[in-house]
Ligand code: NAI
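Before any questions on binding or motion, here is one chain by itself as C-alpha coordinates, the form predicted on its own.
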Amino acid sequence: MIIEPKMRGFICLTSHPDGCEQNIINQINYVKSKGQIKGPKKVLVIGASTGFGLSSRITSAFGSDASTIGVFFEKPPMEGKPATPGYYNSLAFQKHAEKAGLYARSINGDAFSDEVKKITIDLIKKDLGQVDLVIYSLASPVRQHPVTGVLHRSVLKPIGVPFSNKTVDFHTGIVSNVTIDPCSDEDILNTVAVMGGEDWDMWISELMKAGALSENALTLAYSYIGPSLTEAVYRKGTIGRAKDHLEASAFSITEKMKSLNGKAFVSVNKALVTQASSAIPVIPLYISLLYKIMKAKGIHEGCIEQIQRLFQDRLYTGNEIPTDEKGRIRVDDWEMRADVQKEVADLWVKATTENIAEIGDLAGYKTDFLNLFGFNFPEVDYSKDVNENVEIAGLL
(Lines give C-alpha, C1' and ligand atoms only; values in the text may rest on other atoms or scores of the structure.)
Protein backbone atom coordinates (compact mmCIF):
# COMPACT_ATOMS: atom_id res chain seq x y z
CA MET A 1 0.00 0.00 0.00
CA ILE A 2 0.96 3.67 -0.34
CA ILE A 3 1.14 5.15 3.17
CA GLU A 4 0.70 8.84 3.93
CA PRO A 5 0.59 10.63 7.30
CA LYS A 6 -2.95 10.87 8.68
CA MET A 7 -3.36 13.26 11.59
CA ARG A 8 -5.97 13.47 14.31
CA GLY A 9 -5.14 16.35 16.59
CA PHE A 10 -1.70 15.70 18.09
CA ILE A 11 -1.68 12.07 16.95
CA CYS A 12 -0.44 10.55 13.71
CA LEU A 13 -2.53 7.49 12.91
CA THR A 14 -0.19 5.95 10.33
CA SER A 15 3.47 5.00 10.11
CA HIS A 16 5.79 4.10 7.24
CA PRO A 17 8.01 0.98 7.43
CA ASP A 18 10.67 2.31 5.04
CA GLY A 19 10.76 5.66 6.81
CA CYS A 20 11.08 3.99 10.21
CA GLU A 21 13.95 1.94 8.83
CA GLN A 22 15.63 5.11 7.56
CA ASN A 23 15.32 6.55 11.06
CA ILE A 24 17.14 3.48 12.43
CA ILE A 25 19.82 3.64 9.73
CA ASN A 26 20.48 7.32 10.48
CA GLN A 27 20.88 6.59 14.19
CA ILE A 28 23.15 3.60 13.57
CA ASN A 29 25.34 5.66 11.25
CA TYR A 30 25.61 8.44 13.83
CA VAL A 31 26.69 6.03 16.58
CA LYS A 32 29.26 4.40 14.29
CA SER A 33 30.64 7.82 13.29
CA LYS A 34 31.49 8.58 16.94
CA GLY A 35 33.71 5.52 17.44
CA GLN A 36 33.61 2.56 19.78
CA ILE A 37 32.43 2.87 23.38
CA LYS A 38 33.90 0.63 26.08
CA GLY A 39 30.38 0.00 27.23
CA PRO A 40 27.91 -2.75 28.11
CA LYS A 41 27.89 -6.16 26.46
CA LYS A 42 24.52 -7.60 27.50
CA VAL A 43 21.67 -5.11 27.69
CA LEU A 44 17.99 -5.18 28.58
CA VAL A 45 15.96 -2.19 27.38
CA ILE A 46 12.47 -1.85 28.86
CA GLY A 47 10.64 0.51 26.54
CA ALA A 48 12.90 -0.20 23.57
CA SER A 49 10.88 0.81 20.51
CA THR A 50 10.90 4.63 20.45
CA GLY A 51 12.63 7.68 21.86
CA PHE A 52 15.42 7.39 24.41
CA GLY A 53 14.88 3.66 24.90
CA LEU A 54 15.33 2.96 21.19
CA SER A 55 18.42 5.17 21.02
CA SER A 56 19.82 3.37 24.09
CA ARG A 57 19.41 0.04 22.33
CA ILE A 58 21.06 1.34 19.15
CA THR A 59 23.94 2.93 21.09
CA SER A 60 24.53 -0.27 23.08
CA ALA A 61 24.49 -2.50 20.00
CA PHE A 62 26.35 -0.37 17.47
CA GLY A 63 28.51 1.59 19.91
CA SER A 64 29.79 -1.32 21.99
CA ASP A 65 28.70 -4.49 20.12
CA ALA A 66 26.23 -5.42 22.85
CA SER A 67 23.69 -8.21 22.73
CA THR A 68 20.29 -6.64 23.40
CA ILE A 69 16.85 -7.70 24.51
CA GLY A 70 14.09 -5.15 23.98
CA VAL A 71 10.69 -5.03 25.67
CA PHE A 72 7.88 -2.89 24.22
CA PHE A 73 4.13 -2.77 23.69
CA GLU A 74 3.33 -2.08 20.02
CA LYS A 75 0.49 -2.91 17.64
CA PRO A 76 1.61 -5.19 14.80
CA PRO A 77 0.40 -4.52 11.26
CA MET A 78 -2.63 -6.01 9.59
CA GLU A 79 -3.49 -6.22 5.91
CA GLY A 80 -4.16 -2.64 4.83
CA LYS A 81 -3.33 -1.18 8.26
CA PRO A 82 0.21 -0.15 9.24
CA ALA A 83 1.73 -1.08 12.58
CA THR A 84 2.62 1.50 15.20
CA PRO A 85 5.98 3.16 14.45
CA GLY A 86 7.70 1.42 17.35
CA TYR A 87 6.93 -1.94 15.74
CA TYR A 88 8.58 -0.91 12.46
CA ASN A 89 11.49 0.64 14.40
CA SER A 90 12.07 -2.66 16.18
CA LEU A 91 11.75 -4.63 12.95
CA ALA A 92 14.43 -2.44 11.34
CA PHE A 93 16.67 -2.63 14.41
CA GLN A 94 16.43 -6.43 14.38
CA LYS A 95 17.29 -6.55 10.67
CA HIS A 96 20.37 -4.33 10.98
CA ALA A 97 21.57 -5.90 14.24
CA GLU A 98 21.47 -9.38 12.70
CA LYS A 99 23.19 -8.07 9.56
CA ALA A 100 26.00 -6.81 11.83
CA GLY A 101 26.23 -10.18 13.57
CA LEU A 102 24.69 -8.91 16.81
CA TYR A 103 22.29 -10.81 19.06
CA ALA A 104 18.87 -9.10 19.24
CA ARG A 105 15.57 -10.45 20.56
CA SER A 106 12.34 -8.59 21.35
CA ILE A 107 9.27 -9.11 23.53
CA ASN A 108 5.98 -7.40 22.71
CA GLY A 109 3.71 -7.11 25.72
CA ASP A 110 2.77 -5.14 28.83
CA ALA A 111 6.05 -4.46 30.64
CA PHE A 112 4.12 -3.68 33.84
CA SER A 113 2.84 -7.27 34.00
CA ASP A 114 4.37 -10.16 35.92
CA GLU A 115 3.99 -12.33 32.81
CA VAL A 116 6.24 -10.16 30.63
CA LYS A 117 8.81 -9.90 33.40
CA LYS A 118 8.93 -13.70 33.60
CA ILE A 119 9.20 -14.17 29.82
CA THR A 120 12.01 -11.62 29.69
CA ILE A 121 13.97 -13.11 32.57
CA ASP A 122 13.60 -16.61 31.13
CA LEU A 123 15.01 -15.35 27.82
CA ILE A 124 17.94 -13.64 29.57
CA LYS A 125 18.78 -16.79 31.51
CA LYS A 126 18.52 -18.98 28.41
CA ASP A 127 20.43 -16.83 25.92
CA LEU A 128 22.60 -14.36 27.84
CA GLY A 129 22.88 -15.67 31.38
CA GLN A 130 22.99 -12.18 32.87
CA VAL A 131 22.77 -8.55 31.74
CA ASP A 132 25.14 -5.76 32.75
CA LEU A 133 22.89 -2.80 31.84
CA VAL A 134 19.13 -2.34 32.31
CA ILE A 135 17.53 0.70 30.68
CA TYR A 136 14.09 1.61 32.00
CA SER A 137 12.36 3.93 29.51
CA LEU A 138 8.62 3.28 29.61
CA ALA A 139 6.30 6.06 28.46
CA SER A 140 2.84 4.54 28.91
CA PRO A 141 -0.07 6.72 30.08
CA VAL A 142 -1.76 3.71 31.73
CA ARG A 143 -0.63 0.97 34.12
CA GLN A 144 -2.55 -1.98 35.48
CA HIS A 145 -0.95 -2.75 38.82
CA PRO A 146 0.22 -6.39 38.84
CA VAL A 147 -0.59 -6.86 42.55
CA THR A 148 -3.82 -4.89 43.09
CA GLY A 149 -5.21 -5.12 39.56
CA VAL A 150 -6.12 -1.42 39.71
CA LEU A 151 -5.89 0.46 36.41
CA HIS A 152 -4.03 3.74 36.96
CA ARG A 153 -4.15 6.59 34.43
CA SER A 154 -1.63 9.42 34.51
CA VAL A 155 -2.66 13.03 33.95
CA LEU A 156 -0.75 16.18 33.13
CA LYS A 157 -2.08 18.88 35.44
CA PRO A 158 -0.79 21.60 37.74
CA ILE A 159 -1.11 21.18 41.50
CA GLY A 160 -3.09 23.61 43.66
CA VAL A 161 -4.04 26.36 41.21
CA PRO A 162 -4.95 26.62 37.50
CA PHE A 163 -2.09 27.20 35.08
CA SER A 164 -2.34 29.67 32.18
CA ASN A 165 0.30 30.46 29.58
CA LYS A 166 1.06 30.48 25.86
CA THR A 167 1.16 27.46 23.61
CA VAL A 168 1.41 26.79 19.87
CA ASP A 169 -0.42 24.40 17.58
CA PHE A 170 2.57 23.11 15.62
CA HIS A 171 0.30 22.02 12.72
CA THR A 172 -1.11 25.51 12.15
CA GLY A 173 1.42 27.79 13.83
CA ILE A 174 -1.31 29.48 15.86
CA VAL A 175 -0.05 30.82 19.20
CA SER A 176 -2.77 31.02 21.83
CA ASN A 177 -3.31 31.06 25.57
CA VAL A 178 -4.26 27.87 27.37
CA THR A 179 -5.54 27.23 30.89
CA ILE A 180 -5.25 23.88 32.67
CA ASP A 181 -7.29 23.18 35.78
CA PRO A 182 -5.49 21.79 38.85
CA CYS A 183 -5.44 18.10 39.70
CA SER A 184 -7.04 16.15 42.53
CA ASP A 185 -5.07 14.20 45.12
CA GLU A 186 -6.15 11.02 43.32
CA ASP A 187 -4.65 12.35 40.07
CA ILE A 188 -1.27 12.69 41.80
CA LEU A 189 -1.41 9.15 43.19
CA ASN A 190 -2.39 7.70 39.81
CA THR A 191 0.32 9.59 37.93
CA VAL A 192 2.99 8.47 40.40
CA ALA A 193 1.72 4.89 40.10
CA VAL A 194 2.15 4.98 36.31
CA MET A 195 5.25 7.13 35.85
CA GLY A 196 7.10 6.82 39.14
CA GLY A 197 9.76 4.29 40.09
CA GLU A 198 7.71 1.40 41.52
CA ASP A 199 7.75 -0.72 38.37
CA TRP A 200 11.46 -0.01 37.77
CA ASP A 201 12.11 -1.28 41.31
CA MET A 202 9.97 -4.36 40.62
CA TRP A 203 11.96 -5.18 37.49
CA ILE A 204 15.29 -4.95 39.32
CA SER A 205 13.97 -7.02 42.22
CA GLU A 206 12.85 -9.80 39.87
CA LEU A 207 16.09 -9.72 37.88
CA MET A 208 18.13 -9.96 41.07
CA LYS A 209 15.99 -12.77 42.46
CA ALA A 210 16.62 -14.74 39.27
CA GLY A 211 20.36 -14.05 39.30
CA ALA A 212 20.02 -12.26 35.95
CA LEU A 213 22.10 -9.17 36.84
CA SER A 214 25.89 -9.29 36.55
CA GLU A 215 28.45 -7.99 39.00
CA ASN A 216 28.80 -4.18 38.68
CA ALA A 217 25.55 -3.95 36.70
CA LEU A 218 24.07 -0.52 36.00
CA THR A 219 20.44 0.43 35.63
CA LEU A 220 19.25 3.73 34.24
CA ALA A 221 15.92 5.56 33.97
CA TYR A 222 15.23 8.81 32.16
CA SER A 223 13.76 12.03 33.51
CA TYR A 224 13.28 15.70 32.68
CA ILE A 225 13.39 18.91 34.69
CA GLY A 226 13.05 21.82 32.27
CA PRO A 227 12.92 25.58 32.82
CA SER A 228 10.83 27.84 35.05
CA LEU A 229 8.61 28.57 32.02
CA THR A 230 7.16 25.05 32.09
CA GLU A 231 7.61 24.03 35.72
CA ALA A 232 4.04 24.76 36.90
CA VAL A 233 2.59 22.27 34.44
CA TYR A 234 5.56 19.91 34.34
CA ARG A 235 8.11 19.68 37.14
CA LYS A 236 5.83 21.14 39.81
CA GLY A 237 2.75 19.37 38.46
CA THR A 238 1.56 15.77 38.56
CA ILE A 239 4.32 14.52 36.25
CA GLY A 240 6.90 16.26 38.43
CA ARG A 241 5.67 14.29 41.43
CA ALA A 242 6.12 11.09 39.43
CA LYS A 243 9.63 12.15 38.38
CA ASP A 244 10.47 12.91 42.03
CA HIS A 245 9.42 9.36 42.89
CA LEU A 246 11.44 7.93 39.99
CA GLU A 247 14.55 9.83 41.09
CA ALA A 248 14.13 8.76 44.73
CA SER A 249 13.78 5.15 43.54
CA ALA A 250 17.30 5.29 42.10
CA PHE A 251 18.68 5.45 45.65
CA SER A 252 16.56 2.57 46.99
CA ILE A 253 17.44 0.44 43.94
CA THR A 254 21.15 1.19 44.40
CA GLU A 255 20.83 0.02 47.99
CA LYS A 256 19.18 -3.18 46.73
CA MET A 257 22.01 -3.74 44.21
CA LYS A 258 24.83 -3.32 46.77
CA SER A 259 25.48 -7.07 46.92
CA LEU A 260 26.42 -6.91 43.22
CA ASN A 261 28.29 -3.63 43.52
CA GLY A 262 25.63 -2.35 41.11
CA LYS A 263 24.17 1.14 40.85
CA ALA A 264 20.98 2.84 39.67
CA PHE A 265 20.93 6.29 38.13
CA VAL A 266 18.43 8.72 36.68
CA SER A 267 19.62 10.65 33.65
CA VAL A 268 17.99 14.06 33.16
CA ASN A 269 17.75 14.60 29.42
CA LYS A 270 16.97 17.45 27.05
CA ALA A 271 13.49 18.45 25.85
CA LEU A 272 12.69 16.64 22.60
CA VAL A 273 9.77 16.21 20.22
CA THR A 274 7.77 13.11 21.11
CA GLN A 275 4.13 12.22 20.59
CA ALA A 276 3.62 12.70 24.34
CA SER A 277 5.39 16.08 24.55
CA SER A 278 3.44 17.34 21.53
CA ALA A 279 0.19 16.90 23.46
CA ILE A 280 1.44 18.85 26.50
CA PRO A 281 0.32 22.50 26.38
CA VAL A 282 3.20 25.01 26.50
CA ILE A 283 5.87 22.40 25.65
CA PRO A 284 5.64 22.69 21.80
CA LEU A 285 6.18 26.45 21.97
CA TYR A 286 9.10 26.04 24.37
CA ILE A 287 10.73 23.35 22.21
CA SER A 288 10.26 25.41 19.04
CA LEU A 289 12.07 28.40 20.59
CA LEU A 290 14.69 26.18 22.24
CA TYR A 291 15.54 24.41 18.97
CA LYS A 292 16.04 27.70 17.14
CA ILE A 293 18.51 28.91 19.77
CA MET A 294 20.40 25.64 20.27
CA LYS A 295 20.77 25.08 16.53
CA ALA A 296 22.14 28.61 16.12
CA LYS A 297 24.69 27.91 18.86
CA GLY A 298 25.63 24.51 17.37
CA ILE A 299 24.58 22.59 20.50
CA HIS A 300 21.27 21.03 19.42
CA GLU A 301 20.86 17.28 20.00
CA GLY A 302 18.21 14.73 19.16
CA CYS A 303 17.64 11.42 20.96
CA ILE A 304 20.60 9.57 19.50
CA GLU A 305 23.07 12.42 20.05
CA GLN A 306 21.94 12.69 23.69
CA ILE A 307 22.25 8.98 24.41
CA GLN A 308 25.54 8.52 22.58
CA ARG A 309 27.02 11.39 24.62
CA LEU A 310 25.53 9.92 27.81
CA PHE A 311 27.19 6.56 27.17
CA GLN A 312 30.53 7.84 25.91
CA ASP A 313 31.05 10.89 28.15
CA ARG A 314 29.22 9.90 31.35
CA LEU A 315 28.54 6.20 31.87
CA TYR A 316 31.54 4.44 30.34
CA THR A 317 34.58 6.68 30.73
CA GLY A 318 36.35 4.42 33.21
CA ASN A 319 35.95 7.13 35.85
CA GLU A 320 33.30 7.79 38.49
CA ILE A 321 29.97 8.73 36.90
CA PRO A 322 29.42 12.49 37.41
CA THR A 323 26.15 13.55 39.05
CA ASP A 324 24.54 16.71 40.41
CA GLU A 325 23.83 17.41 44.09
CA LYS A 326 20.77 15.12 43.92
CA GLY A 327 22.66 12.20 42.39
CA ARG A 328 21.30 12.70 38.87
CA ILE A 329 23.29 12.50 35.65
CA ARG A 330 22.74 15.72 33.69
CA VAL A 331 22.75 15.63 29.91
CA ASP A 332 20.33 18.53 29.82
CA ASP A 333 23.35 20.71 30.62
CA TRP A 334 23.41 22.44 27.23
CA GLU A 335 19.66 23.12 27.29
CA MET A 336 19.85 24.60 30.78
CA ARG A 337 22.81 26.89 30.07
CA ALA A 338 22.05 30.40 31.37
CA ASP A 339 22.56 32.03 27.95
CA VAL A 340 20.20 29.54 26.27
CA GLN A 341 17.46 29.95 28.86
CA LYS A 342 17.70 33.76 28.83
CA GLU A 343 17.23 33.83 25.06
CA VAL A 344 14.26 31.44 25.27
CA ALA A 345 12.64 33.62 27.95
CA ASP A 346 13.17 36.77 25.85
CA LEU A 347 11.61 35.15 22.78
CA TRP A 348 8.75 33.70 24.80
CA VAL A 349 7.45 37.17 25.65
CA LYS A 350 7.55 38.17 21.96
CA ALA A 351 6.04 34.98 20.48
CA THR A 352 2.89 35.46 18.40
CA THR A 353 1.15 33.64 15.57
CA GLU A 354 2.61 36.22 13.19
CA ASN A 355 6.26 35.77 14.16
CA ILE A 356 6.58 32.19 15.49
CA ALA A 357 7.80 30.83 12.13
CA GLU A 358 10.61 33.40 12.21
CA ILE A 359 11.68 33.40 15.87
CA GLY A 360 11.05 29.70 16.50
CA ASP A 361 11.93 26.48 14.70
CA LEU A 362 8.41 25.34 13.91
CA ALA A 363 9.59 23.70 10.68
CA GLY A 364 12.16 21.66 12.62
CA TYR A 365 9.50 20.69 15.14
CA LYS A 366 7.16 19.45 12.39
CA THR A 367 9.99 17.49 10.73
CA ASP A 368 10.96 15.81 13.99
CA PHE A 369 7.31 14.95 14.68
CA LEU A 370 6.80 13.39 11.26
CA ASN A 371 10.11 11.53 11.55
CA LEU A 372 8.75 9.77 14.65
CA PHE A 373 6.29 7.99 12.36
CA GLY A 374 8.69 7.37 9.49
CA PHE A 375 7.66 10.35 7.35
CA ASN A 376 9.56 13.28 5.82
CA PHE A 377 12.86 11.51 5.27
CA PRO A 378 14.36 12.75 1.96
CA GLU A 379 15.91 9.33 1.29
CA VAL A 380 12.49 7.61 1.14
CA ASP A 381 10.19 7.48 -1.88
CA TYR A 382 6.75 7.85 -0.33
CA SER A 383 4.98 7.38 -3.67
CA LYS A 384 6.22 3.78 -3.74
CA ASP A 385 3.99 0.85 -2.85
CA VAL A 386 5.28 -0.78 0.37
CA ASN A 387 4.43 -3.97 2.23
CA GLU A 388 2.89 -2.85 5.50
CA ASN A 389 2.21 -6.38 6.76
CA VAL A 390 5.67 -7.50 7.87
CA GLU A 391 6.66 -9.43 11.00
CA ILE A 392 9.56 -9.26 13.45
CA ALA A 393 11.39 -12.60 13.35
CA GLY A 394 11.47 -14.43 16.69
CA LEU A 395 9.22 -11.92 18.43
CA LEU A 396 7.97 -13.18 21.80
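Just count from 1 along the sequence shown to find any residue number. This structure is a prediction, so every number in the text was calculated from the model and none was measured.
What follows is about the form predicted together with this ligand, which we do not show.
Within 4.5 Å of this ligand in the model of the complex, do 47, 110 and 270 each have at least one heavy atom?
-> Result yes, every residue of the spot touches this ligand.
One stretch from 359 to 367, 36 to 44, 341 to 349, 50 to 58 that, in the model of the complex, holds residues within 4.5 Å of this ligand by heavy atom = Only one stretch passes the 4.5 Å heavy-atom test: 50 to 58.
Using the partner position in the model of the complex, report whether residue 72 sits within 4.5 Å of this ligand, counting heavy atoms only.
-> So residue 72 counts as contacting this ligand.
Indicate whether residue 137 is a 4.5 Å heavy atom neighbour of this ligand in the model of the complex.
-> So residue 137 counts as contacting this ligand.
Does residue 243 reach this ligand in the model of the complex if we count a contact as any heavy atom within 4.5 Å?
-> Yes, contact at 4.5 Å.
Could you tell me if residue 312 has a non-hydrogen atom within 4.5 Å of this ligand in the model of the complex?
-> Result no; residue 312 lies far from this ligand in the model of the complex.
Candidate from 200, 265, 170, 234 lying within 4.5 Å of this ligand in the model of the complex - any heavy atom = Only one listed residue qualifies here, and that residue is 234.
Could you tell me which one of 229, 92, 217, 195 places a heavy atom within 4.5 Å of this ligand in the model of the complex?
-> Flagged contact: 195.
Which residues within 193 to 223 place at least one heavy atom within 4.5 Å of this ligand in the model of the complex?
-> Heavy-atom contacts within 4.5 Å come from 195, 222, 223.
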